[in-house]
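A lone chain, given as structure tokens: the form predicted alone.
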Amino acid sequence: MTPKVDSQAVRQAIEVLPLLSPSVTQLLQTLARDGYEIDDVVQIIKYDAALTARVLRTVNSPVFGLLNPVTSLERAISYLGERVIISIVLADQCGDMFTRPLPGYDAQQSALWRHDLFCAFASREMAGHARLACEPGLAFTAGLLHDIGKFVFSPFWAAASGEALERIEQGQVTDYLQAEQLLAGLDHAEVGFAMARHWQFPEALQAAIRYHHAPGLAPEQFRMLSYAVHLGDMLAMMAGADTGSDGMQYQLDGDYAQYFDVSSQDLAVIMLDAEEHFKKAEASLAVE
């Protein structure tokens, strides 16, 4: 059948995306490295006055309830940790991408941001149950970025989204990703991967974005990370933090047990812990 989405137009939309600021690019590269130091993060942020002000405003907000105000950027970063810092950086400089409504997914304003933030915390918690080493900070960042493809794909997908759900209900396709492939000739994970390459993300993040629905296909060195994000994504949807019409319309890759030592009870605890961190982060990131 002829695809109902102009895939070439989607790819052209990616090519004209403005490049991310040096602060975002450098920070993502730094957090993807093993053994980075807090000073590495300080050195990136301190030259961005607006970002420095946002970090200090966040750490001194009532959400954290500190008795004495924090005036040192190094202390603020040390206290907040990489999870909140990367969230602040992306929310500050890519906010429109995460908060814009997604008509193709029937998702309201900020739905993508809430889903990605929950997934990030769940992915980080999952990293602690990996059978082999899985860097929690990298899992968090990958979870936060995994669905960026929906930002570009959504307006092109809007005309076909209703038919996608019909085909799933009729059993013509097994999940939403297959529906995207059938009706558009590509899917939001592919679009996100192309965006990640355009923005020169670290390879680990590119792989997690590309394979978050098919982690078993990820290159071996990135498979553990891809499974962490895959499971974090599923937990976010189970918790109700989805991105609209595609919620719970994906298949769980049962091979995750080869990579993670986690029981159904563990998953329930991880979801609760992620929800607790998510609510606190959501409140702190709302500080203006």
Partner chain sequence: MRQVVLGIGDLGASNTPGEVVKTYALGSCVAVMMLYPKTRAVGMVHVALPESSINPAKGQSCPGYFADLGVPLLLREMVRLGCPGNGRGIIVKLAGGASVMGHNDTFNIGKRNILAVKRSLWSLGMGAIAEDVGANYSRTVTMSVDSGLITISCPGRGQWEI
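Keep in mind it's a predicted model, so treat the numbers as computed, not measured. Numbering follows the first chain given and starts at 1.
Same protein, other form: the form predicted in complex with the partner chain, not shown, and the subject of what follows.
Asker: Report the stretch among 29-37, 56-64, 230-238, 216-224 that approaches the partner chain in the model of the complex to within 4.5 Å, counting heavy atoms only.
Answerer: Result of the contact check: 230-238.
Asker: In the model of the complex, does each of Asp242, Val262 and Met271 have a heavy atom within 4.5 Å of the partner chain?
Answerer: Spot residues vs the partner chain: full contact, yes.
Asker: In the model of the complex, which of the listed residues (Val191, Met126, Ala142, Leu117) lies with a heavy atom within 4.5 Å of the partner chain?
Answerer: The residue from Val191, Met126, Ala142, Leu117 that makes the contact is Met126.
Asker: State the residue from Thr71, Gln200, Gln109, Thr174 whose non-hydrogen atoms include one within 4.5 Å of the partner chain in the model of the complex.
Answerer: Contact with the partner chain in the model of the complex is made by Thr174 alone.
Asker: Does Gln258 make contact with the partner chain in the model of the complex, using a 4.5 Å heavy atom cut-off?
Answerer: Gln258: no, not in contact with the partner chain in the model of the complex.
Asker: Test of understanding: in the model of the complex, would Met248 fall inside 4.5 Å of the partner chain by heavy atoms?
Answerer: Yes - in the model of the complex, heavy atoms of Met248 and the partner chain come within 4.5 Å of each other.
Asker: Does the partner chain get within 4.5 angstroms of any non-hydrogen atom of Leu182 in the model of the complex?
Answerer: Leu182: no contact with the partner chain in the model of the complex.
Asker: Could you confirm whether Glu276 comes within 4.5 Å of the partner chain in the model of the complex, counting heavy atoms only?
Answerer: Close contact exists here: in the model of the complex, Glu276 approaches the partner chain to within 4.5 Å, heavy atoms only.
Asker: Does any residue in 155-174 get within 4.5 Å of the partner chain in the model of the complex, counting heavy atoms only, and if so which ones?
Answerer: Result: Leu165, Ile168, Glu169, Thr174.
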